[in-house]
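Shown next as C-alpha cells: one chain only, the form predicted on its own.
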Amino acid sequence: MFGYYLDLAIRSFKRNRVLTALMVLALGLGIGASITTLTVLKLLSGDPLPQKSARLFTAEIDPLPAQGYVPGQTKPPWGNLMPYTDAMNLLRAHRAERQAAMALTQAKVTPARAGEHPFFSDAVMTTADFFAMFDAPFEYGSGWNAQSDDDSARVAVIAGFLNDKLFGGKNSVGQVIRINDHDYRVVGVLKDWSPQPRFYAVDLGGRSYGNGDAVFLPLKSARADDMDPQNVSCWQTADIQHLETAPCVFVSVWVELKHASDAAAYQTFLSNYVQQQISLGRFQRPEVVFPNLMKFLALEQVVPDDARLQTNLAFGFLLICIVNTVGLLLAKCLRRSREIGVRRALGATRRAIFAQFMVESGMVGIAGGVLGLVFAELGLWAIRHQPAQYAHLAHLDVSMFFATFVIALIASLIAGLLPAWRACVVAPAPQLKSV
C-alpha cells in the first residue's frame, strides 16, 4: 500500500509542479537556515572532553579585599583565576586524582636553521598532570613528570604543527628548541589536539576557539625565564616582576576527580582552605565555586548570545516556511476534491486518504531536506569566510547531516496534518455530483 501511495504522490507532483516546487523551496530555505545556525551553535556549545567532562572541575576562590563585598555572592569576579600561592597550595594538597595549574603566554621561538627568523606562538605554562588530565594525545614521547616541575627543568612539549615547522615532522624528542632565548629540551610531541571550546584558556586571556597551542612548558621554568602570563589582575599596587608573591591573580587550577560524586568532598576541602586563609588574614571573602567543565563554560557564557539568538530566529523562519507549506498543501488538496470523492466512492477509507496525503507531505519534506542541505552548505561556506575564531570549524558533520532530513521530515509531516485531515473529511457525494 505504501508503494501505491508513493505512486499517487509522484503523479500528483507531476500534475502540480509549480505548487510542489514552491513547497520544496519554502521548506528548503527554512531547513537550510536552521541547520546552518544549529551547526554553529553545536560547534560553539559542544563538550570538549565528553569522556571525562563530568569529572573535571576548576576551583574558583575570591582573594579580593572586603571592600565592596556583598555577603552571599556566589561567583568570584575573576572566574577561576587565583594567586600563585594558592594554586601551589591546592596542588600540593593532592586532594584529587590529578591536578594542574596553568597560565598562557606568548613564546618567542627561534628556529635552529640559519636564515629563519624567530616567531611568536601561543604557549601554555602548566604542570605535569596537564596532559593526562586533558587526554592530550602524543605522537612522540610524553609529558614531563612532577620532579621536572619541582626542579624547574627546561623541558617542553610541542604541538605537531610546530614540530612539522621546526623539524619537518620527524621525531624531535631529545632535540633542543630555543624559546625566549633559553634552550628547552623536547620531551614530547602532541598529535592534533585542539579542544573546542578551548576551555582551559577561558579567563586566562586566550582564545576560546581556534587552533591549539604550540608550546607547553613547566610553569616554574617558564616563569623563571621571565615569561609573562597573558592575563594578570591585581587588587592593589604590586610588583609585577614578582607575580608569585604579588597581590595578583594570573593562574587557574583544574582538577580531575576519580568520581563525579567526589565533588562535594573537594568543595568542602576548598571551603576549609579558604576559611584557613581568612583566619591567617589573607582572604576576607568565604565563597567558593567548584563547577565541572560544562557548568564552568555555562557560567562563563562562552557561547555567544548571538549564536543562540540566530538559531532561534532561524527556527522561527522555519515555522513561517511550515505555515506557508500548509497553505500550499491546502490549496493542492482543494484542487483534488473530485479525485478524493471518487476514491472514497470506490471504497477508500478516511484513514487511507489521510495516509496518502501524509506520504505526499513526507516526500515533499525529503525533497526539502535535500535542497536544505544545499542551502546549509552554502551558509556554512559563507561562515567559514567570516573573521571569527571558530569560522574555519564550521562544517556539517554526520550527525547534522542526518538531523537535516529528520527535521525536514518532521516539519513536512506537521505541515501535512491539516491538509490530510481536510482531505479525509471530504464527503464523496457532492464531489460525484459535480463530475
Partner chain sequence: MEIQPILAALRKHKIPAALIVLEIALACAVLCNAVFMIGQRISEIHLPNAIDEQGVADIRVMGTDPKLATDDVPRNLAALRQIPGVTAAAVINTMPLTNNGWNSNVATQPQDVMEKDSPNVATYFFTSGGEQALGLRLLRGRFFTSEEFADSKLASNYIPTAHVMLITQSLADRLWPGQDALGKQVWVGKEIHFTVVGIIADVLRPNQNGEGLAAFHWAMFLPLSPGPGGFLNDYVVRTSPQDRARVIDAAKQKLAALSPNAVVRGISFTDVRDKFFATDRSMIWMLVLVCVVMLAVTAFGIVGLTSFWVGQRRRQIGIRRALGATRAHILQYFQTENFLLSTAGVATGMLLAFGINLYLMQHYQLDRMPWYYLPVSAIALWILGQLAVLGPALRAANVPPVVATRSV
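Numbering follows the first chain given and starts at 1. Here the structure is a predicted model, which is why all the values come from computation and not from measurement.
What follows is about the form predicted in complex with its partner chain, which we do not show.
- Comment: 117-125 is the region of 92-100, 117-125, 158-166, 353-361 lying near its partner chain in the model of the complex, near meaning a non-hydrogen atom within 4.5 Å.
- Its partner chain in the model of the complex comes within 4.5 Å of a heavy atom belonging to residue 327.
- Not displayed here, its partner chain is approached by residue 331 to within 4.5 Å at the level of heavy atoms in the model of the complex.
- Among heavy atoms of residue 279, none comes within 4.5 Å of its partner chain in the model of the complex.
- Although the partner is absent here, residue 29 sits close enough that one of its heavy atoms falls within 4.5 Å of its partner chain in the model of the complex.
- Contact annotation for the candidate site: 108, 312 and 320 all lie close to its partner chain in the model of the complex (heavy atom within 4.5 Å).
- This chain lacks the partner; the member of 153, 238, 294, 88 within 4.5 angstroms of its partner chain in the model of the complex by a non-hydrogen atom is 238.
- A single residue from the set 373, 394, 366, 388 has any heavy atom within 4.5 angstroms of its partner chain in the model of the complex; that residue is 388.
- Taking a 4.5 Å heavy atom cutoff to its partner chain in the model of the complex, the contacting residues in 290-311 are 305, 306, 308, 309, 310.
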